[in-house]
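Here's a solo chain for you in structure tokens, the form predicted alone.
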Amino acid sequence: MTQPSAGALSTLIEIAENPTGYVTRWKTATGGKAIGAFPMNFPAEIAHAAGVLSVVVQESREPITSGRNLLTEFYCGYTRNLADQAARGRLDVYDGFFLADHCIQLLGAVDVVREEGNRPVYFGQLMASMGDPWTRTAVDGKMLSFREELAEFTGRTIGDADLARSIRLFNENRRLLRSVFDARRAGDATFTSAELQALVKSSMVMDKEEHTALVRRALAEARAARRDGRIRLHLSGHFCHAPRPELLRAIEDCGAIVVDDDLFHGTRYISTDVREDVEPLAALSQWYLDRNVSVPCPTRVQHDVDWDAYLLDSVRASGADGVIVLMAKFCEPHMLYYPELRKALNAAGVPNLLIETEHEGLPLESVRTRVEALLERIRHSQLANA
């Protein structure tokens, strides 16, 4: 159904670049429904248990045109692009939409999706304050409402056995992808950062069983490689949409290798499994709470968890020589948290660079110049400390 090309990795890259094409083929082949989910914490296992294809709606590569009068320019590129896709009918392949996160800009974009289309939109909101006495009860209630809404949407009951099966399939997929990321941290350079991003991005789009099978094929077809003496970097940020592949390639073309990340289209998405030894809906609630411990997020409030401490621990564990922070322009949570992050990195002596990204316009030559300057600074420091 995925229309295989030269190899499994090529197929996964094609699907990552054209999610709508895959969703259209899946619906034609199965006769099933597809929903568009918005980043970052929608429990897709519930949709899968209902027989629905749940797809994290991706930023398109098209210039923003019709959407320019729907959201102001100080919304992030992802949300403005969502509004544009909705206005131009690009999201009509989905039979409904589900929102699970609290982000003012995303709420505005989903409002546009609702107004511009004729598809049902469910506005859910998982707790952003993770440590309050009522947090777990509120999360339990929201997971139950997701199940009820999806049962109404599909007209079928979502039983615990179906949900448990979906949880196992999703965990298998996450574990497989984590094994690839773990190999990268250990020194395996078989896949570039852009290729690894495609593995994760395609997972956000595809049926999980089909994706797992394709990833296994891609691993079998790949040639093992060991990283050389390139400067090792950690990429941090980009919570909702994927950095442009050409940006990732430009960073590595400068003489760097990405050994770790906390990107949404990377470690953040695959970081946390759902427990399989407790009642499924309760396990999904715990998964949501555990995700912010596994990879902390500035969109969540949890006083005993710090993103900057996590980042420093990750840098030490992977042996990264520096950090590049990728910040989507006008991403308010990231903008507010970044000064603390930079302060922690500087205090620990970790060279770092901020690259702000936008939907349209990627000044690659400027990016290369700034990345090369960072790498040169790291090399000078290494020589001085040798």
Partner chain sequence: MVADYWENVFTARERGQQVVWYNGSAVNPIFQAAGLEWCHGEAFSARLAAQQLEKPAQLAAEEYGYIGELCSYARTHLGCAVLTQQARSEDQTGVVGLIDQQELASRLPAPDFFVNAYAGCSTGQQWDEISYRVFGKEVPIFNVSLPFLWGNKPDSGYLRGREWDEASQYVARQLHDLIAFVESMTGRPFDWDALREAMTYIKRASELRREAMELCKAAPTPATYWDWIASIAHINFLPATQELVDYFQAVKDEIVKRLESGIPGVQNERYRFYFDGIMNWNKLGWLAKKFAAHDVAMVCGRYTHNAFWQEPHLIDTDDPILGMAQHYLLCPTNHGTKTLKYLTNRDCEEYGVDGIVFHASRTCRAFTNPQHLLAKAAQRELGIPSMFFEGDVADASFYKDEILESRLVAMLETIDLRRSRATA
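Keep in mind that this is a model prediction, so the values were computed, not measured. Numbering follows the first chain given and starts at 1.
Separately, the form predicted together with the partner chain exists; it is not shown, and the next lines address it.
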Fill in the blank from the handout: If we test each of Gly255, Gly96, Pro245, Gly108 for a heavy atom within 4.5 Å of the partner chain in the predicted complex, the one that passes is Gly108
Handout entry: Residue (of Leu176, Met127, Ala151, Leu281) lying close to the partner chain in the predicted complex, criterion heavy atoms within 4.5 Å
Key = Met127
Exercise for the section: Although the partner chain is absent from this view, report whether Glu59 comes within 4.5 Å of it in the predicted complex, heavy atoms only. Expected result: no
Exercise for the section: Classify Asn69 as contacting or not contacting the partner chain in the predicted complex by the rule of any non-hydrogen atom within 4.5 angstroms, answering yes or no. Expected result: yes
Handout entry: Leu219 within 4.5 Å of the partner chain in the predicted complex, heavy atoms
Key = no
Problem - Pro333, heavy atom within 4.5 angstroms of the partner chain in the predicted complex - result: yes
Fill in the blank from the handout: Of the candidate stretches 161 to 169, 298 to 306, 270 to 278, 222 to 230, the one with residues having heavy atoms within 4.5 Å of the partner chain in the predicted complex is 298 to 306
Problem - All of Gly21, Ala183 and Ala213 with a heavy atom within 4.5 Å of the partner chain in the predicted complex - result: no
Practice task
Taking the partner chain as it sits in the predicted complex, which residues of 88 to 119 have a non-hydrogen atom within 4.5 Å of it? Please list them.
Solution key: His102, Cys103, Ile104, Gln105, Leu107, Gly108, Val110, Asp111, Val112, Arg114, Glu115, Glu116
